[in-house]
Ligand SMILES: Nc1ncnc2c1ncn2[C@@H]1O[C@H](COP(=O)(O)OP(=O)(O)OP(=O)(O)O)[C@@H](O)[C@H]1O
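Let's start with one chain on its own, the form predicted on its own, as C-alpha cells.
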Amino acid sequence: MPKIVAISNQKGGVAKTTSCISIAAALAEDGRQVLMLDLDPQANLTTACGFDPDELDWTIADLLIPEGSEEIPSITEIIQHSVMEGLDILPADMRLAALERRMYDQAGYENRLEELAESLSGYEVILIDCPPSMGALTLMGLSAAQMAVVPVQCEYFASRGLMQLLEIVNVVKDQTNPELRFYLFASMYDQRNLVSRQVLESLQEHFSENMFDTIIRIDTRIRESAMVGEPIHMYAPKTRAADEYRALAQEIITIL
C-alpha cells in the first residue's frame, strides 16, 4: 500500500494546492510513481493539472458516495495522467461540497478514502490536497494519511489558525488514526518582511521537532506554472522555487 500524505490547512491562500502539486512533481521527477488526490470542492488541483472539472465524466465524488443505479468505473479508470511522467491525479469537482454535508450520515465515512487507497498498490506515494476547512472531507483525508503536512504562511493570522488545525489532528489521532504524524513548513516566506521573520522564528522555536528545515519563499513563477497547467518542475525547473520544493520533498520522503 502506498504511503499517504495529507496536505492540510483550514486557512486558504497559504500555498496548499501549489505545495501539493510541487511536492508531488518533485517526487515524480525523482523517479517515483505518485498520485495526487483532489479532495477540495473548488478542484484547484484538478485545474492546475490542466483538467476542466466540468468536462470530466467521473471524479472522486462518484467514488465517495455512489448514487443511482449507474455503474461507476473503477478508481483506476477515473485517475487521469498529468503532463509529467509518473504523476497522476484523481480529480475532483464541485459536487464534493454537497456530498460533504451528507457524509456525516454515513457510518464510518472517515475510513472511505483509506479503503479506496488499498487498491492503488502501483503508487509509492499519494498526496491528498485537503479543502481549506475542517469538515468531513478533511477528516477523511487525515484519517487515511500517515503524515499531515501543513504549509504555514509567515503572517500573524495564519500562525494563529495553525493551533486550530493541530486540535483537529489530535482528535483524528484519538478517534480514527492513532499513527498520524504532523509536520510544518513555512510557505510564501518574504525575508524582507519583519513580521514574516518574526513568525518564522516563533514557529521554529515552538515546533522545532515537527518543522521541516526547507523554507518556501515567494516566487511568481509558481503562479505562472499553475496558469499553464504544468508543475513548476516542468514549467521552470531551474528556478529557486523548484529547488526548494525538491528539498522539501526529500525531507518528507526521508521520514515518511
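So that there is no doubt, residue numbering starts at 1 and follows the sequence shown. Since the structure is predicted, the reported quantities are computational estimates derived from the model, not experimental observations.
Keep in mind that the form predicted together with the named molecule is missing from the display, and what follows is about it.
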Stretch in contact, per heavy atom within 4.5 angstroms of the named molecule in the predicted complex, of 191-199, 204-212, 23-31, 40-48: 40-48
Exercise: residue 63 in contact with the named molecule in the predicted complex, heavy atom 4.5 Å: no
Contact label in the predicted complex: residue 222 to the named molecule, heavy atom within 4.5 Å: yes
4.5 Å heavy atom contact, residue 161 to the named molecule in the predicted complex: no
4.5 Å heavy atom contact, residue 236 and the named molecule in the predicted complex: no
Sequence-ordered residues of 3-33 touching the named molecule in the predicted complex, heavy atom within 4.5 Å: 11, 12, 13, 14, 15, 16, 17, 18
